[in-house]
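Before any questions on how it binds or moves, here is one chain, the form predicted alone, in structure tokens.
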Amino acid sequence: MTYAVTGSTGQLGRLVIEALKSRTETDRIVALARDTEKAADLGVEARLFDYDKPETLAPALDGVDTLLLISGSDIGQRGRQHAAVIDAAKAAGVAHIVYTSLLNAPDNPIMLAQEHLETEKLLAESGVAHTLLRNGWYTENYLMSVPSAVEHGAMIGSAGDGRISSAARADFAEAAAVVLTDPSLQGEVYELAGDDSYTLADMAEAVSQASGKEIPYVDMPEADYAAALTQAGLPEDMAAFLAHCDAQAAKGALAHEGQALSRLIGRPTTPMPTLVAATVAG
């Protein structure tokens, strides 16, 4: 059995490769990457695989049995890119595709949901056996703001009292490796989220505990939060996207009470305060 991982040099992809190494031989793992030089340190075979160069796709999937399709990072282009990957996988004879979708995708109001649903539909129509990993929020998405919160004495956002059921990126990566290598778990739809939910006020309290400084949470209107992120140096489109996600979190878009993730990995998901403490400690 040969396993291939797209986006292998990205933050999630690297963690999946490492998780796979503990579950199968390294010569059965293929890292698919737009830049194979960046994959040189992964310790597995690397093949050129560029979503925007369809001619690279099917050859890179030669001999691959199971493919992890990590959703692309180009918002607005994913439908086209993922369609090319699915077509190539079918042409190459890939037996099974695992796709990283979005938590509660059919009902999730976050703008990303539509592209994920489009890919889910393409998979359903492809005739290729597939599994959907509907990943919730990575706690790391919020950890990026922790150093700034400590520096400026406040954590800002637009999530109100919305609860966030996030988990560490490594938790989701481990779940992907488990599903990739266990045929009995395949063919399902998994709604994956952290065991414990929290508000951004709770996260601010965790930052306070870890830093020894009083860090309040300051809730802002979506537009004001986007403007603050832009002022902090983020590109306008990214700032607007993050503020949009926060505003939807306020409505429950990032909350989930199921524990499918911890069941897959056989342990509790990594608590938010643990990750906050590690971030503050540097």
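Residues carry their position along the shown sequence, with the first being 1. These numbers were taken from a predicted model, which means no experiment stands behind them.
The same protein also exists as the form predicted together with a small molecule; that form is not shown, yet it is the one meant from here on.
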| property | result |
| --- | --- |
| Segment that reaches the small molecule in the model of the complex - one of 148 to 156, 200 to 208, 178 to 186, 78 to 86, heavy atoms within 4.5 Å | 78 to 86 |
| N104, G160 and Q248 all contacting the small molecule in the model of the complex, non-hydrogen atom within 4.5 Å | no |
| Close approach of T274 to the small molecule in the model of the complex, 4.5 Å, heavy atom | no |
| 4.5 angstroms heavy atom contact with the small molecule in the model of the complex for G136 | yes |
| 4.5 Å heavy atom contact, S165 and the small molecule in the model of the complex | no |
| L12, heavy atom within 4.5 angstroms of the small molecule in the model of the complex | yes |
